[in-house]
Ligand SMILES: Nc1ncnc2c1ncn2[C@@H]1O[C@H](COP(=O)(O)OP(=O)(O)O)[C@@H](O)[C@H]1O
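Given as structure tokens, the chain that follows is alone and in the form predicted alone.
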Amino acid sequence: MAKPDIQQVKQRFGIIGNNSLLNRAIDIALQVAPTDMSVLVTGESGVGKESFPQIIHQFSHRKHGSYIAVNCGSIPEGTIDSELFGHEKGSFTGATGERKGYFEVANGGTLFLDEVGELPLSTQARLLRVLETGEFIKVGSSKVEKTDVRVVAATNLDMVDAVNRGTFREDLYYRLNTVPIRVPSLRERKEDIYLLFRKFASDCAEKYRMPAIVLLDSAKEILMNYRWPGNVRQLKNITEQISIIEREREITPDILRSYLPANEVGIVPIKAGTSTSGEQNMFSSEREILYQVLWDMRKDMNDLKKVVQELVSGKIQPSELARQHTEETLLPSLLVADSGIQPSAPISIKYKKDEQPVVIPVDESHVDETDYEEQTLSLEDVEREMIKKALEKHGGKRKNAAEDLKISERTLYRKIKEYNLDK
């Protein structure tokens, strides 16, 4: 039987990309499919490991048998043996009847054990016996059962490290890893990132009957150079978010950046040319994490100082300011949401020249006033003024004002009532 074409396999299983590492992984899956060898699929979370057991099953002589996928990490330790191998009536509390396990149900077919690295050690011993002899014993029974199951396992863990730490049996690792298949991360498939983006954007546009979003060239560069810690799954989610939330169909760099969680610890954009080893060592110590968090905080506070000054001086309009923030909350409320300061309370923005500013309530000012510049504002007044200007701009039309402020009409109505702007 001739080996199927890789491109046809990609189309059948919805795999997008032309990367050589991806093609190699598919080629190995097709070569091992006609055999009964155990396969271990490895790769980071979100790379699409679940497609490879399906490829192996569909191109094997077991394709007319059962295909069962089991997420080992989602089953409690106390019931995992029962789920996999079955149990006898009365074998434990709640066992009101006999139950067949997945190894019995999948007899003659393929069993996909996802997150196999999460299995408890006692279950690993049972699994090793099935792989070596095809025999298992139900929970609460002494009768040896036989099964003919092809096992394909997958994990995003470093299995060698797990073996060294004693959390995974070495003999089971080598038994599962008869044929290894490594699925590359999205960082290793940079040439496929834009292809995937266009595919996800097109699918979303077709599903919700809207024009597909497109990236400006400068935004495309950001997309290609982002680290993508969540891999294909993260790219798909972000593409769908932008497609649904943004009204503009041309996506600028600023819009794209607002959806990339660049300030989350351990999730940082990379620059073109950064080495893989550099990426892996990034945030390797708690000290580096702390430095990054402090740096982000300082930058945010400097931005706060600049934005408030421009808003008060009239250099920036409410519509420009609101565009950068969420639908339900205006900027001043956001700025103090985590500080414990009430939006209606006056605050002082105090800062030394060329140093990090400090935001504190006016009545709690206890810093030395010398060497400080100070501007006291009411957040309530700033927010009220933003809404007032937007309403004046649109002749009192609340719908247009809400769109300009990038908030919902419901939120605008509540704020108008709160600030007595409906008089």
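The term rigid core refers to the most C-alpha atoms you can superpose between the two forms while keeping them within 1.5 Å. So that there is no doubt, residue numbering starts at 1 and follows the sequence shown. Treat the numbers as computed from the prediction; the structure is a model and nothing was measured.
If you look for the form predicted in complex with this ligand, you will not find it shown, but the lines that follow are about it.
Exercise for the section: Scan L223, L131, L196, C72 and let me know which has any heavy atom within 4.5 Å of this ligand in the predicted bound form. Expected result: Answer to the contact question: L196.
Practice task
Find the only residue in K89, K190, R233, K100 having a heavy atom within 4.5 Å of this ligand in the predicted bound form.
Solution key: Partner contact (heavy atom, 4.5 Å) among the options: R233.
Handout entry: All of I16, S45 and E50 within 4.5 Å of this ligand in the predicted bound form, heavy atom check
Key = Judged in the predicted bound form, I16, S45 and E50 all sit within 4.5 Å of this ligand.
Practice task
Within 4.5 Å of this ligand in the predicted bound form, counting heavy atoms only, one of 173 to 181, 233 to 241, 157 to 165, 116 to 124 shows up; tell me which.
Solution key: Answer to the contact question: 233 to 241.
Practice task
May I ask you to check whether W228 falls inside a 4.5 Å heavy atom distance of this ligand in the predicted bound form?
Solution key: Judged by the heavy-atom cut-off of 4.5 Å, W228 is well away from this ligand in the predicted bound form.
Handout entry: Interface membership of F200, this ligand in the predicted bound form, 4.5 Å heavy atom rule
Key = Contact with this ligand, yes.
Exercise for the section: For K10, state whether the C-alpha moves by 2 Å or more between this form and the one not shown after rigid core superposition. Expected result: No, shifts by less than 2 Å.
Handout entry: Exceeds or equals 2 Å, Cα of K399 between this form and the one not shown, core fit
Key = Yes: K399 shifts by at least 2 Å between this form and the one not shown.
Handout entry: Pair E403/I213, Cα separation in the predicted bound form versus the displayed form, closer or farther by 3 angstroms or more
Key = E403 and I213 sit farther apart in the predicted bound form.
Practice task
Regarding K399 and E240, go with closer or farther for their CA spacing in the predicted bound form versus this form, the difference being 3 Å or more.
Solution key: Between the C-alphas of E240 and K399, the gap narrows in the predicted bound form (3 Å or more compared with this form).
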